[in-house]
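Only one chain comes next, encoded as structure tokens, the form predicted on its own.
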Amino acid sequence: MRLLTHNMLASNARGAVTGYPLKLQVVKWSTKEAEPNADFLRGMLPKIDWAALVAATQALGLPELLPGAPPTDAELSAEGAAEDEGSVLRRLHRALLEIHIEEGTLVCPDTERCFPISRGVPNMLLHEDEVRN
């Protein structure tokens, strides 16, 4: 599961008020290189909950990966940003698209309901008695 996916998931379990953001408990993660796409990242940035993304990178033990505030369009559009490993564009790309959670748990912030992540796939299925009416 990529952190991009994590940033979009919420719990719909009975008792959940917002069910977002899900707390991330990581057992195993890996990185898989992908070609940076600045246009994609600029388009996705308004849809990203920055605080949840930063919390996810901290849960991975990578607190220095992202700055505390979202990058500006100028930072994402800077000349050579796609090639510069230290640029905000490359760090955002790494966080959203190259980090893969292989094993772990997503925890609902409202109900503490745990959703397992196995072989990179989060299981968000609810038991019948957990479904909201």
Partner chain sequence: MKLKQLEGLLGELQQFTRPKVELEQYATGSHIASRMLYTAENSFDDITGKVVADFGCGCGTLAVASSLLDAEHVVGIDIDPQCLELAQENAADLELDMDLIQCDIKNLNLRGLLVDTVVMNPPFGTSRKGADMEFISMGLKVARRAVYSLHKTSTREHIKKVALRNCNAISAEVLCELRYNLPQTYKFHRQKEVDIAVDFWRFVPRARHEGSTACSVTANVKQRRMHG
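Residue numbers count along the first chain shown, from 1. Quick caveat: nothing in here was measured; it's all calculated off a predicted structure.
The same protein has a further form, the form predicted together with its partner chain, not shown here; the description that follows concerns it.
Engineer: Its partner chain is absent from this chain, but in the predicted complex, do Lys23, Ala55 and Gln58 each have a non-hydrogen atom within 4.5 Å of it?
Structural biologist: Judged in the predicted complex, none of Lys23, Ala55 and Gln58 sits within 4.5 Å of its partner chain.
Engineer: Answer for Leu65 alone: is it within 4.5 Å of its partner chain in the predicted complex, judged on heavy atom distances?
Structural biologist: No, Leu65 is distant from the partner.
Engineer: State yes or no: in the predicted complex, is some non-hydrogen atom of Glu83 no more than 4.5 angstroms from a non-hydrogen atom of its partner chain?
Structural biologist: Looking in the predicted complex, residue contacts with its partner chain do not include Glu83, since no heavy atom lies within 4.5 Å.
Engineer: With a 4.5 Å heavy atom cut-off, would you call Gly120 a contact of its partner chain in the predicted complex?
Structural biologist: Yes.
Engineer: Does Glu79 reach its partner chain in the predicted complex if we count a contact as any heavy atom within 4.5 Å?
Structural biologist: Because no heavy atom of Glu79 falls inside 4.5 Å of its partner chain in the predicted complex, the answer is no.
Engineer: Which of the residues spanning 1-31 lie within 4.5 Å of its partner chain in the predicted complex, based on heavy atoms?
Structural biologist: If the 4.5 Å heavy-atom criterion is applied to its partner chain in the predicted complex, 1-31 yields Met1, Arg2, Leu4, Thr5, Asn7, Met8, Leu9, Ala10, Ser11, Asn12, Thr18, Tyr20.
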